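We begin with a single chain expressed as structure tokens, specifically the form predicted alone.
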């Protein structure tokens, strides 16, 4: 049911955009108003979630570790898996963000015919996630050409590298196809693996269908419908200069692509996609495991009024003496 609802939501967005632009002529609404609303929702929502996480108390030092902790001098420490300093925490975080290092260690547990539990390496999730995330990142880098004038040199350089293959006299950007392939494989994993499908919810399927819609509509614009790129850049430059105008007719495929992107921006701070920012605030990742060297005190602990034993004895001395209890001070 969640699969169907997620797919229907994306289809509904496409249908609403088509009717709004082609039938009702609301190109200014979908081309100007909606992008500004989406960006505002994304920025405000993103900052709100980050600030909320930053204010959350961390009462214990709880880094996730899977290697030798710093101990005696003759015992070799695993500085990345079990960092004891901020410098090695930074190294660990860089590897986590750029290469999904912990996901690379993903294992699969299965019962053998003998009834024993066997563990196997499971690298497919790591590979699919890497394809999508890096593909998506480089697609975003290429899209900087629409909101910059002049186009930065690194964007032009990456376009040459990404479009090294040519088909029918036009560059074939590989990262777009890698991104869509990664998304498709992640979706297939949820659809065809029983255990994963059992725990998957609407908020797992909807982002996948939404991102697939964005990727596929972008590929259709680039290689099949051939939209007017000059007009699109004119519209995009109007956004960033706060002087937007709809420059004549633009293909409906562009408005569909734009509407899906805007929905993604609005949905992003409300969803699991916020792990993009939340990973930096995860105490299991951003803390050094130095419990043996430094006492960790919770700075959010409230001031508690204590009742010492001396005060307790002063309060109940007569009663304690009457029942024969020993006293530290017998006045």
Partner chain sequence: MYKPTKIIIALVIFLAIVTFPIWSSIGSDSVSPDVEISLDTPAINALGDDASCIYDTDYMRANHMKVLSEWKVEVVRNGNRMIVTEDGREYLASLENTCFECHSNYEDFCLKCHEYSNVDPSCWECHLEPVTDSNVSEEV
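Keep in mind it's a predicted model, so treat the numbers as computed, not measured. Numbering follows the first chain given and starts at 1.
Keep in mind that the form predicted together with the partner chain is not shown, yet the notes after this line are about it.
Visitor: Which of 95, 193, 174, 151 has a heavy atom within 4.5 Å of the partner chain in the predicted bound form?
Guide: Residue within 4.5 Å of the partner: 151.
Visitor: Exactly one residue in 107, 241, 71, 112 has a non-hydrogen atom within 4.5 Å of the partner chain in the predicted bound form; which is it?
Guide: After the contact test, the surviving option is 241.
Visitor: Which one, 302 to 310, 36 to 44, 23 to 31, 62 to 70, holds residues whose non-hydrogen atoms are within 4.5 Å of the partner chain in the predicted bound form?
Guide: It is the stretch 36 to 44.
Visitor: Does the partner chain come within 4.5 Å of a heavy atom in each of 57, 230 and 237 in the predicted bound form?
Guide: Yes: each residue has a heavy atom within 4.5 Å of the partner.
Visitor: Is it the case that residue 145, even though its partner is missing from this view, gets within 4.5 Å of the partner chain in the predicted bound form, heavy atoms only?
Guide: Yes, contact at 4.5 Å.
Visitor: Is residue 159 a contact residue for the partner chain in the predicted bound form, using a 4.5 Å heavy atom cut-off?
Guide: Judged by the heavy-atom cut-off of 4.5 Å, residue 159 is in contact with the partner chain in the predicted bound form.
Visitor: Are any of the heavy atoms in residue 224 no more than 4.5 Å from a heavy atom of the partner chain in the predicted bound form?
Guide: Heavy-atom contact with the partner chain at 4.5 Å: present for residue 224.
Visitor: Would you classify residue 50 as touching the partner chain in the predicted bound form, given a 4.5 Å non-hydrogen atom cut-off?
Guide: Taking the distances in the predicted bound form, the answer for residue 50 is yes, it comes within 4.5 Å of the partner chain.
Visitor: Going through 159 to 183, which residues have a heavy atom within 4.5 Å of the partner chain in the predicted bound form? Please give them in sequence order.
Guide: Read in sequence order, the residues that approach the partner chain (within 4.5 Å, in the predicted bound form) are 159, 160, 166, 168, 169.
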